[in-house]
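So this first bit is one chain, no partners, the form predicted on its own, shown in structure tokens.
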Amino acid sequence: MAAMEEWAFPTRYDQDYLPDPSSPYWFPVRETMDPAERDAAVLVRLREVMEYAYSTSSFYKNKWDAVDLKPADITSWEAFEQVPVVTKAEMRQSQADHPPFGDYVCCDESEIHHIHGTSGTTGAPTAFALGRRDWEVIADNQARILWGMGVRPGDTVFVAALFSLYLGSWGAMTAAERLRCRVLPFGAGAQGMTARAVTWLARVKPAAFYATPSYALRLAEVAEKEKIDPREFGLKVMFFSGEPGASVPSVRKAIEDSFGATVIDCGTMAEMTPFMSASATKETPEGMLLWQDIVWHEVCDPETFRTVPYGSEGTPVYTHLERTSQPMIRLASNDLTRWVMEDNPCGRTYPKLPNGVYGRIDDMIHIRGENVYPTEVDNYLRQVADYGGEHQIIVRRTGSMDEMIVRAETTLPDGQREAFDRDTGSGLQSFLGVRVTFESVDANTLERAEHKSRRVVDEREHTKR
């Protein structure tokens, strides 16, 4: 077996390295090697990462001592699956007890280079501390993934996401910079910014574009109002994270049809930066490949956190292989997905999430004994003729029964909606397998996303006592 390129821990990549321009791979050996051989190397790396965390973090030492586990015990995948998962609640408690970064930071605070975090809108914010060396490694990791998407040195990358606590925009920018691209860090979220984005896209004509899927759809609407065809932007690649959507067939098709670009889904969790470690490629554009030599991805039973067989659904569990600041070791995502192992057109020998990540288990709507994902509603409505581009899902309790109302925009005038309402409502009900009350409203009535979409209103929360 040829040696895996720059495979060491702690990791330090050659900052001057770029692949041969004719190669589809950044690291040909690591990306196309026998998966069993790569997995064997990863198992050794996991012990190294765990030994590092055990010696530098009271969080991990106490957690593993409580179950009589030592890093040296991890000699098989069966043993690794016995490592208890880390939850977001544990991280929040750790940071409350050991502010500001928790007792899992694992490095001296003087090494911290970037601080990001959650917004804290639903509770205390969580701080993400990234060391200077880690920031360089993250840039290398994600530049490598951009290379797999078909982005090349000299391309212009337009970043249309919030530059704030949100890590997605910063991760996309630093990756593009490492790849020797030109970067337009445009941002998102301010009043009137989408119209300005249309102007700049038409003027600069970048090769690549990063945002959330819902923002891309909003951008297409605004461009069309400005009498500009989004295809005139000349985009080659549009890559997305931050929410489900880019792997939802109808959403994906809507973006492709509007912009004429390759649509790439990527992203795990901000805590798992380099978050692009789950990403499609130019030649394998559907779903997401799991780049197992950057982050170790498992898909597990959400109750036992044991790995499920390929072809099965479960919740992703993630482990850093190269981070030395706040390394996550078996972080439970609380998301839902399905994984497979099959030949990939790009030649990479990684497992795949063929439908991406469906969404968070917490986002699943439980109604009358059935489970509904908001992405299923989105997927159905975007295939309906005369759909107006936006919708809202309202869940409320009437007496002892829950009901789901789907309110969707239509381009039809008020007097011509009878068939649309009847057919869309019955079709949606059949598609979801649950009773739905359907209502149509005028186009451009519902709020548009300037970053991430928020389409579900669960009024049951206000009626619980």
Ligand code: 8LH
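For every residue, the number given is its place in the sequence shown, counted from 1. This is a predicted model, so every value here is computed, not measured.
There is also a form predicted together with the ligand; it is not shown, and the following applies to it.
Novice: Once the ligand is overlaid from its position in the predicted complex by fitting the nearby C-alphas, are 3 or more of its atoms within 2.4 Å of backbone or C-beta here, so blocked, or is the site open?
Specialist: By the 2.4 Å criterion, open.
Novice: May I ask whether Tyr166, Asp335 and Val357 each come within 4.5 Å of the ligand in the predicted complex, counting any non-hydrogen atom?
Specialist: Heavy-atom distance to the ligand in the predicted complex: all three under 4.5 Å.
Novice: Can you check whether Gly148 is within 4.5 Å of the ligand in the predicted complex, heavy atom basis?
Specialist: Output for Gly148 is no: heavy atoms all beyond 4.5 Å of the ligand.
Novice: Taking the shortest heavy atom distance, is Ala160 within 4.5 Å of the ligand in the predicted complex?
Specialist: Heavy-atom contact with the ligand at 4.5 Å: absent for Ala160.
Novice: Check Ala254 for me: does it contact the ligand in the predicted complex (non-hydrogen atoms, 4.5 angstroms)?
Specialist: Ala254: no contact with the ligand in the predicted complex.
Novice: With heavy atoms only and a cut-off of 4.5 Å, decide whether Thr268 touches the ligand in the predicted complex.
Specialist: Within the cut-off, so yes.
Novice: In the predicted complex, which of the listed residues (Met288, Ala175, Ala208, Ile329) lies with a heavy atom within 4.5 Å of the ligand?
Specialist: Here the answer is residue option Met288.
Novice: Scan Trp296, Phe80, Phe275, Phe259 and let me know which has any heavy atom within 4.5 Å of the ligand in the predicted complex.
Specialist: Contact with the ligand in the predicted complex is made by Phe275 alone.
Novice: Could you tell me which of 239-247, 306-314, 341-349, 388-396 sits within 4.5 Å of the ligand in the predicted complex, going by non-hydrogen atoms?
Specialist: Going through the listed ranges, the match is 239-247.
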